[in-house]
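Next up: a single chain in structure tokens, the form predicted alone.
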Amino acid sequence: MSTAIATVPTAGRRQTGARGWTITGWIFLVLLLLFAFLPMLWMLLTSVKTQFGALQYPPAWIPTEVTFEQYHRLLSPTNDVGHEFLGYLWNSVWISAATTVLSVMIAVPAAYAFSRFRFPGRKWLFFSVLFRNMFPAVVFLMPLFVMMRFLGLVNTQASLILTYLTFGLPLSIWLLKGFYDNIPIQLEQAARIDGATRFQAFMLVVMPLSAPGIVATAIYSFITAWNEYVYALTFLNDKSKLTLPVGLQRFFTEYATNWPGLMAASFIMSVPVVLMFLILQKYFVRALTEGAVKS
């Protein structure tokens, strides 16, 4: 009897403690979301302000006059600003897309080879793949520029695609290799017994099962190329070939900065990445958590 009486307060304290931790977790989560989204909210609100409203002091969150003039200028190809901006947007889209396609095409077979085949120097070669990513990107700026000039690729967008592959590909191979390791090799062996070749077993069995990893790799490669600034600023000097991160600096002039225009361009630049995450987030989350529990 005394044991039962003592158990009830203990269970109540545990429930109260768990509820306290839940509330603390929610508060922490809300603060974290505010910290993450407030800059984007400020960017969006500034983009619909007038130049006078953006420069007023003290700054106001809510604009007194809402205008979509900057979006109209940026997305209209009939004026100079819109023509330049849409050109930067197109350059970023196709450079990022080309980098993503090439990265996936190279990373998929390379990661599969590291996962399934045993050859001399395999471990050393696999760890050396990440050697490039152990150093800041700026360290390789001058060597890569010299290489691109030797190849005659300076001021071409091909130089950016090749450069982005050098630091996007290693992590893609590592990510996909871990994914292939978790796919039972018995599934491929069963397909081989049924008459499939190794290539058919790879395409029909391994590829569908590794789809989340491939999608995550594609997202990572696209975002890496989409947001890159230093190499694009160094390798390109033709205005018609610039990408969006470099093109944004054209809103800064010697005498003034068009803050609403800069914020509107930044918001448009962030839309493709946000949409990509919203559409493909389930694959990305699966890719990040798939290796947590090994079957």
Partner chain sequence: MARVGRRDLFSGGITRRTVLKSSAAAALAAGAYRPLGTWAQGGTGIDLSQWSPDYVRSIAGTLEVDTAAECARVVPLDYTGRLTYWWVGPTEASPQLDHETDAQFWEAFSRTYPNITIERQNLGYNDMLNKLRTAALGNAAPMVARLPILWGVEFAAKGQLSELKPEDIGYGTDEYWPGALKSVTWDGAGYGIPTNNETMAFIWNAEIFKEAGLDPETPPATWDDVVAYSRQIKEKTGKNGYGLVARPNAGNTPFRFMPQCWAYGGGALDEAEADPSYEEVYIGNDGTKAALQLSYDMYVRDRSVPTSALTNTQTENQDPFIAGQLGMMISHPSEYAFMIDRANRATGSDKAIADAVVANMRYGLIPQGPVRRAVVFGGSNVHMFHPDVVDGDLDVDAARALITFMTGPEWSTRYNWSSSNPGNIRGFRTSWMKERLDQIKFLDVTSSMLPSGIPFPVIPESTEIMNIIIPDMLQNALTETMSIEDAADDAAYRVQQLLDGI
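Positions refer to the first chain, counted from 1. Predicted, not measured: the structure shown is a model, and the values here were computed from it.
Form predicted together with the partner chain: not shown, discussed below.
Interface residue among M203, L141, A190, L102, judged by heavy atoms within 4.5 Å of the partner chain in the model of the complex: L141. In summary, among the residues W26, W61, F37, F52, the only one with a non-hydrogen atom within 4.5 Å of the partner chain in the model of the complex is F52. Annotated contacts: Y229, T234 and F251 all touch the partner chain in the model of the complex [non-hydrogen atom within 4.5 angstroms].
The stretch in contact with the partner chain in the model of the complex, judged by heavy atoms within 4.5 Å, is 145-153, chosen from 170-178, 145-153, 124-132, 210-218. Among heavy atoms of A98, none comes within 4.5 Å of the partner chain in the model of the complex. With a 4.5 Å cutoff on heavy atoms, S266 does not count as touching the partner chain in the model of the complex; it lies far away. A256 belongs to the set of residues with a heavy atom inside 4.5 Å of the partner chain in the model of the complex. The shortest heavy atom separation between L75 and the partner chain in the model of the complex exceeds 4.5 Å.
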